[in-house]
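This document opens with one chain alone, in structure tokens, the form predicted alone.
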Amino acid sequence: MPDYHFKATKTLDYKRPDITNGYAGQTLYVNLSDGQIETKPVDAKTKKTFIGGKGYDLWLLWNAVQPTTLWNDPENALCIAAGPLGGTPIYPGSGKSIVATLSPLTGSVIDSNVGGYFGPYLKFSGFDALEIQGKTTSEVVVFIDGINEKVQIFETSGLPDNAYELSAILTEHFAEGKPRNVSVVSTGPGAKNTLLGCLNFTWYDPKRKRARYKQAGRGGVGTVFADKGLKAIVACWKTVTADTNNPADKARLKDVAKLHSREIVELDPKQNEMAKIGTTHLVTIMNDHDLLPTHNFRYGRHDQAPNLGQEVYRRLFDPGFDGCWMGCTVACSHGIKDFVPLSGPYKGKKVFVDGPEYETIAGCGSNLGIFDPHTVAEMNFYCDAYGLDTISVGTGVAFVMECFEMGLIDTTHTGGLDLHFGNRDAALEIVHQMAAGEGFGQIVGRGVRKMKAIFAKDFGADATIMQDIGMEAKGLEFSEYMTKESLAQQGGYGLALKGPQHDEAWLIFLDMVHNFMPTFEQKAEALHWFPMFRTWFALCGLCKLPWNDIIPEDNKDTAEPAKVMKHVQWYADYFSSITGIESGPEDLINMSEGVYNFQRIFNLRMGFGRREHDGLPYRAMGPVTETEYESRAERYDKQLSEIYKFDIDEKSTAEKLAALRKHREQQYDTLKDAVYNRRGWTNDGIPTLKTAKRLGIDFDDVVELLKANGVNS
């Protein structure tokens, strides 16, 4: 056990407020530069407009930063919140936290949704949100003790960098014999040495007697955390029951919670088996529909994909309850017990791997041309231990591998590493280098957007081709779904506020498989409703999986099967029963619309948020290379002939490739027009003043900002 030390440098004793209808009514502010700790009340206007969770995060961040603030400035704030429904132990998926800050990858607002116990414990300790500003040169732990009503800042020394060891020590140190009362937020050395840092949020697993992990992965939130000098944030709380949120109508809450939980218990074994195999079932589904990213999103399927599928992980996962929040019947957070890495500091030692989930399998597996589940599990483990986002790591290394195979970079640039697709040893070595801030890994750790600039400037690589194959938008690496054949999902990624992350709009199946949205107007409507409803989960502290990953048996016969309206009504009842604010399905959309538009305006304030920032690399729209075209030649030839009326006779592949590109880029541009119109935005992608007023976000500084950008109506 390391020789570690804690020294309390600041303490705030406070009176914990009673939770009323899901709200504590105040937030917690910590400034690491001067040690200031204070509580701030939440006024009625803020509560009504921003609801909670992500909404509170955005409002706190908006008031903390300036248009000139950079991600590593002391004034950048790291904000964490749950939401009014978060912390309900009888309703599935009610343990989420939402993290928001200015991203080192995008330069603008990033938000990341994560499980674990921290968000609920923060709220029950008396705080609807946590805002951390400032920086310190020493390593500190912020301790929020809701049991003893005390917030402390500790200077620490001797604590390990490795996230698994750190969480184990802090859980034991603060638990006083009750480890389930503690949740730790931390990162690792990779967050210090890259821009891809994630945050690990723990919950204690009594069966396995260890702190388990979920990740707030996207956009470098862990890098901001490490840059501030934070070693960890720890929250401590006691027993949680259905009464802890003090719901407005407990009987109604119990009724709707019972309906949803019983349905999941009955139907999950018949549908996706989330409680046994988690999201690994998506691997073979995506592969079957040509949607599994392979070789840097070149292709959508591979014969070896079943090696990474659910039947493999069914054998690897340690059986038992795996809910990242108390009582969640989806229970999808599986792990591998007694796994033995073949590289790195844990080589030859038995470890526990939290995961992998679909995104990690696709990003660190098929997208790298690696179809070995052991390698994927090892990359998963080390990314968690080092505090690295597996999505950005996978998509970033895939870009490097394609650049290597195309001859844009070579071993003189990579430090001798042979980075062909499928080279598992080289992929793992890059992860270890990123964590240490050494070798070629230092460059990979800057992310795809910055790699493109470095490769062009320092290595003489072709900037045009890298723009086409570098799978990032707004500076954020793509999450792991192929979008070439789904215009709606191209919009779901390109128009997403923070960059190409599927949590805003996942429309591939609705568009490509079911053809529910054949017109631009129908796609635009979907790109309004789905991002709004998905945003609502982030306002309330909820997981989206219970909504549409386990569905009613008669759902296919309903008027709008994609929306799973039976569940939407249950969520409206859930919100009403907790908050006492009577709400229907449309009210949930209205709640989100105000926050969603506010975030778009926030992007504008930071120098982004216009049409030009909603672009995509062409590979997200169609084939970049002749080999890609020829892999689906029958499909593309048919589209050119029948849809675009292009005469393909005696045309070369290069000519057909150029024609297809012209049409697909035009389609995407037309889609942007339709979506902007549906959302009440200008043709440049800015919310109108009318929209801001309708949604109640026409604050003085918002109106001033819009007018300064030419929006006067």
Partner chain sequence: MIQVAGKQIEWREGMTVSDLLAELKDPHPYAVVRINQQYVTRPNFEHTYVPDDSEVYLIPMVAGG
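Positions refer to the first chain, counted from 1. Computed from a prediction, not measured in an experiment: that's the story for all the values here.
What follows is about the form predicted together with its partner chain, which we do not show.
Within 4.5 Å of its partner chain in the model of the complex, do we find a heavy atom from each of His502, Leu510 and Lys556?
Yes, the whole candidate spot contacts its partner chain.
So in the model of the complex, does Lys270 come within 4.5 Å of its partner chain, heavy atom to heavy atom?
Lys270: contacts its partner chain in the model of the complex.
Tell me, yes or no, whether Met286 is in contact with its partner chain in the model of the complex, where a contact means a heavy atom of each within 4.5 Å.
Result yes; Met286 sits at the interface with its partner chain in the model of the complex.
Do Pro89 and its partner chain come within 4.5 Å of each other in the model of the complex, heavy atoms counted?
The answer is no: Pro89 has no heavy atom within 4.5 Å of its partner chain.
Report whether the minimum heavy atom distance between Ser333 and its partner chain in the model of the complex is within 4.5 Å.
Contact with its partner chain, no.
Pick from Phe533, Tyr481, Trp203, Tyr313: which has a non-hydrogen atom within 4.5 Å of its partner chain in the model of the complex?
Looking at Phe533, Tyr481, Trp203, Tyr313 one by one, just Tyr481 meets the 4.5 Å heavy-atom criterion.
Can you work out which of Ile551, Ala436, Ala175, Met406 has a heavy atom no more than 4.5 Å from its partner chain in the model of the complex?
If I apply the 4.5 Å criterion carefully, the residue I get is Ile551.
So which stretch, 99 to 107, 184 to 192, 502 to 510, 604 to 612, is the one near its partner chain in the model of the complex (non-hydrogen atoms, 4.5 Å)?
Looking at the partner contacts, the answer comes out as 502 to 510.
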